[in-house]
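Given as structure tokens, the chain that follows is alone and in the form predicted on its own.
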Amino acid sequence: MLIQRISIPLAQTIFLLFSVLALLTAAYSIGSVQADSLSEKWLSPAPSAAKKNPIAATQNSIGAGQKIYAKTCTMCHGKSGDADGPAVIELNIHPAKLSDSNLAKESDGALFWKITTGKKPMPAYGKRLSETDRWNLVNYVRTLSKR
């Protein structure tokens, strides 16, 4: 009888401890997800963001940027910048939606820096594309957010 009296409160205590632990784990997980969502804003350093585009947004520049985009960006960002390229499903990634009108708030220098440095899973194109190609790409990407 003594064992039964001890085991019932002990079982309740263990159940209570596991319940509290489960609640704390769930609360921590939700807090982590919210914190990650807030920190997802990808900001360029101020000196890079202030950099001016030396390449005028002419039809030639935009056309060159479009060719580069088709070769290097479409797989993830999609043909029209809607973040719906074929690699999105395969790799379970969430690329930037370049067609978003908020892109207009980003400076040319910030876009150039992001293309140059990359952020996983996006590769850095600083050594893959010439400086001129990256500026042409910025000029083309600007046309996507206007659609």
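Residue numbers run from 1 along the displayed sequence. Computed from a prediction, not measured in an experiment: that's the story for all the values here.
Not on display, but discussed next: the form predicted together with a small molecule.
- A residue is said to contact a partner when one of its heavy atoms sits within 4.5 Å of a partner heavy atom; residue 79 fails this definition for the small molecule in the predicted bound form, lying far away.
- At the 4.5 Å threshold, heavy atoms of residue 50 stay clear of the small molecule in the predicted bound form, well away from it.
- Interface membership of residue 122, defined by any non-hydrogen atom within 4.5 Å of the small molecule in the predicted bound form, is confirmed.
- Within 4.5 Å of any heavy atom of the small molecule in the predicted bound form lies no heavy atom of residue 89.
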